[in-house]
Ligand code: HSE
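Only one chain is given next, in structure tokens, and it is the form predicted on its own.
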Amino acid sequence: MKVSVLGYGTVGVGVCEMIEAAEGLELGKVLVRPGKADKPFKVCSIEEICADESVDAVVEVMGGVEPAYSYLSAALRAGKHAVTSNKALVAARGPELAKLAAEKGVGFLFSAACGGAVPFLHNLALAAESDRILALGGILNGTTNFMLDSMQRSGMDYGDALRQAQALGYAEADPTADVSGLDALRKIMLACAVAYDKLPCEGFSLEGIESVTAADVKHFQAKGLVLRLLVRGGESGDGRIYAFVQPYLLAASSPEASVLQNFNMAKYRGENAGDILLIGQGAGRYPTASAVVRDLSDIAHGRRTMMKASCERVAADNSVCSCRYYVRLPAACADALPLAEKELDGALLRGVTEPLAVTDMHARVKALRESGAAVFFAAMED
């Protein structure tokens, strides 16, 4: 199977290397930016790739929604299979691409968009064919996991942990998508689409790690707790989809607490299979490239669907999930939350709330922050 690659950056180079080494795959033309076609195998025109009848599949590793969406759409219309590692693209335009692929009778796979080398979406798609998926979740952002691990095991403050992550290439110069939880949210969106044929596109509850301080870490570590940024997704009994991202405080014996550095841990629960945990590198040139090549191998062996053409966009409803929350806020704001436990820390108050719906807690904290209050919160894993 001859494969063209759109993009020749960090991941694109790794994909090209792995295609050339893989049995049954042949590297075709590689699309690069105008002025960068300095080798015979590089081209600057998507039309040239689409018109090449010897090309069977196209891999998109450019990033962003456009022009990636237009390019992949053109490739699908030309009858070529499509593989992408682009979570932003699939979260925004996945249903359109899935429908177009079905109309043209070609494959559209994107397991590299969630978890890198961890075969989360790959296994989830297989499991959903024969088992009812009850819940999804885990640690799906290596940057934030690395930062939280550094703050807790090495005693770093937030700024130092971020700078170290950037120096090691785990965090971008602009780390907003990672530290805000947006990157992880996009991944749980894709997981819901694969598991339930429903892509949540609004109604999210999103909290990242920007508010945690070294003092917070010291306080909850004294209680034997470990902080991780987790995603949660699933389908309620009446068919509503929930999808949210927030910090969680966990017992040191929990599986998530054992996931260190920049590793990911993806999890799903099948009605028959029970809990399935997958741990590995979630990003980087070769981990991501390995997932792309895995998808190409699936396509070559006839497995060509990950998101159904019938996948519909829905609103998430996170009112169906409730948690107790650890919270740090100004003591003057004590009445803003129903606290079951309270502990004064100078001008600050630390405590644990009564059970609150996820949507309720996030709305209350948003209102506090809009009033000028500095708040940190994390769900308590019961």
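Just count from 1 along the sequence shown to find any residue number. Given the structure is predicted, the values throughout are model-derived calculations rather than measurements.
The form predicted in complex with the ligand is left out here; the points below concern that form.
- Shown without its partner, this chain lists 138, 181, 247, 142 as candidates; in the model of the complex, only 142 has a non-hydrogen atom within 4.5 angstroms of the ligand.
- Interface residue among 92, 293, 278, 283 relative to the ligand in the model of the complex, by the heavy atom within 4.5 Å criterion: 283.
- Residue contact check for residue 171: one or more of its heavy atoms lie within 4.5 Å of the ligand in the model of the complex.
- Taking the partner from the other structure, the ligand in the model of the complex has no heavy atom within 4.5 Å of any heavy atom of residue 186.
- At a distance threshold of 4.5 angstroms between non-hydrogen atoms, residue 87 is in contact with the ligand in the model of the complex.
- Considering the ligand in the model of the complex, the lone stretch of 215-223, 247-255, 70-78, 171-179 in range is 171-179 [heavy atom distance within 4.5 Å].
- Scanning 8-40 for heavy atoms within 4.5 Å of the ligand in the model of the complex gives no residues at all.
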